[in-house]
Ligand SMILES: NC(=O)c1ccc[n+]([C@@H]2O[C@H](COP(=O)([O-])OP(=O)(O)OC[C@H]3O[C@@H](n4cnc5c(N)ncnc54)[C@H](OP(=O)(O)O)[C@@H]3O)[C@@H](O)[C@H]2O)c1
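To begin, one chain is listed below as structure tokens, in the form predicted on its own.
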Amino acid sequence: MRVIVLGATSAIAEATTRLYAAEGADLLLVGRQAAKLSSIATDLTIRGAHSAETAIHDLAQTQGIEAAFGDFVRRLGGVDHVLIAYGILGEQADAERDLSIVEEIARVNFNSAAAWSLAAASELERQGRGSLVVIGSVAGDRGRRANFVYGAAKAGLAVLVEGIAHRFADHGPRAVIVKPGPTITPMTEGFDRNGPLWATASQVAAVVRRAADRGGPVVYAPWFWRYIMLTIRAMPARIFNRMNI
């Protein structure tokens, strides 16, 4: 199993790579933080990975993505699974006051992630097999006052990945958008993370790893968020607008 992980220093990505390591996979970890990537690679080798290499790349930059992805594939000697797991949350209140923050949230969470997804899709389609798994969010299922800028970017990414899955239909590869609910990671530090709806990165990682092999094209993590979001999407506006969510 050869796996390219874009955004490998994210908590969900790191937890997912540990599952791949236990299977003896060959991993290429891509991100900006050289020291952290090296530390994760060493840990994964100890945990059983056949190999764990690193590549330093600013994934939010969209120039030269096709060439860069081709280099990643060549370094690994091929690819079976691609995981795209990076993103930024941003501050909704700040974004409403400063359009440059809106542009940054969109650039990282949609523009660049969409470009990497399409580059990976072209490679998987060319070889006629493999899986693309992209981390989205339940925030993209319905616009809410608390985080609609972030949610809009994630909604766009979800539609793109669903479109790739449709493009792949009957062609061999598969594409999945995984939508976690609130997750205990560094991104959510400062939130009130008590309550039964919060998941750990390891819980989400287990869903991500399964999604690479089966299910989809839309998978919720944990599973119960599918039904929570189904209810929220179906809620009439006159009721929804009274809710502080």
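Note that the structure is predicted; figures quoted are calculated from it, not measured. Start at 1 and count along the sequence shown; that's the residue number.
The discussion below concerns the form predicted in complex with this ligand, not included here.
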Contact stretch among 124-132, 78-86, 94-102, 169-177 - heavy atom within 4.5 Å of this ligand in the predicted bound form: 78-86
T183, heavy atom within 4.5 angstroms of this ligand in the predicted bound form: yes
Distance check, A11 to this ligand in the predicted bound form, heavy atom within 4.5 Å: yes
Proximity of H50 to this ligand in the predicted bound form, heavy atoms at 4.5 Å: no
Close approach of T42 to this ligand in the predicted bound form, 4.5 Å, heavy atom: no
Single option in A206, M187, V218, A68 placed near this ligand in the predicted bound form, where near means a heavy atom within 4.5 Å: M187
Residues in 55-71 with any heavy atom within 4.5 Å of this ligand in the predicted bound form: H57, D58, L59, A60
